[in-house]
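There is one chain below, alone, in structure tokens, taken in the form predicted alone.
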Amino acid sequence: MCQHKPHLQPQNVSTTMDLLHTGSNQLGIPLSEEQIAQFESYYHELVDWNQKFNLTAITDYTEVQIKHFLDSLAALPLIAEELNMTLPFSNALDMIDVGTGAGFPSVPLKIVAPSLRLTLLDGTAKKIRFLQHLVGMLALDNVTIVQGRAEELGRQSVYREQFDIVTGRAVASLNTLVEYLLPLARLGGLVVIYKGGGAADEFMAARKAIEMLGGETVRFAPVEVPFLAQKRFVLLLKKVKHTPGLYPRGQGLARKKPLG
């Protein structure tokens, strides 16, 4: 995966999601005019709400297309390949996005794969309010928005081991993240973790935790996000055993005393 992507300069970019349109084609995810319009609306709502609620540090039109939208979509071909499905998914898969923030990566994935039954999980009330507004404005169906903590939901039967796909794009270390995510995946389900340049070291430190929590690594791969120079990795874990009842631990222990 060493082919070079063209880097458009901001002065060459119009106000019609040109980078997203070009980059999604490079990823093998062509977008319809309606989907492009949804992403355009998403951007403007994000920037508007960000003035009041500080949802993200990334608000530049070019950077949102690359670092939020395309970065979110870059894992989708790997997910589809692992599930042996073509895009858009014909099956209605249950997906939860843990620590979704302003909706990344889940809302971009939902836009391009509308059949996903999506649960958005975040602990911050202002982000929940934004997501409620965004989902309604984009007319996304089969979306549930939950304010809470993964360490709590992972112990509740209505959420524990209920999801086909569990995603995480948070900044926690990998051996912490897997304790939040793996308990939510059903047997045979897929955990998808987005990571930056330090992913290799984190992965080495998290391998024991992955096994303890019932996971098996099926892919740890660099991904090329169009127009982005920084390294990105996607870790795919398959849930092969039930997560022991002890996990996830409460009282912030996943962060304070990571497994490993």
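Only a predicted model underlies this, so the values are computations on that prediction, with no experimental measurement involved. Heads up: residue numbers just count along the shown sequence, starting at 1.
Although it is not shown, the form predicted in complex with a small molecule is what the next lines describe.
Enquirer: Only one of 171, 158, 139, 92 gets a heavy atom within 4.5 Å of the small molecule in the predicted bound form. Which one?
Expert: Checking each option against the small molecule in the predicted bound form, the one that comes within 4.5 Å is 171.
Enquirer: Would you confirm whether the three residues 127, 150 and 180 all fall within 4.5 Å of the small molecule in the predicted bound form, going by non-hydrogen atoms?
Expert: Every residue of the candidate spot has a heavy atom within 4.5 Å of the small molecule in the predicted bound form.
Enquirer: Which of 158 to 166, 117 to 125, 81 to 89, 181 to 189 has heavy atoms within 4.5 Å of the small molecule in the predicted bound form?
Expert: After filtering at 4.5 Å, what remains is 117 to 125.
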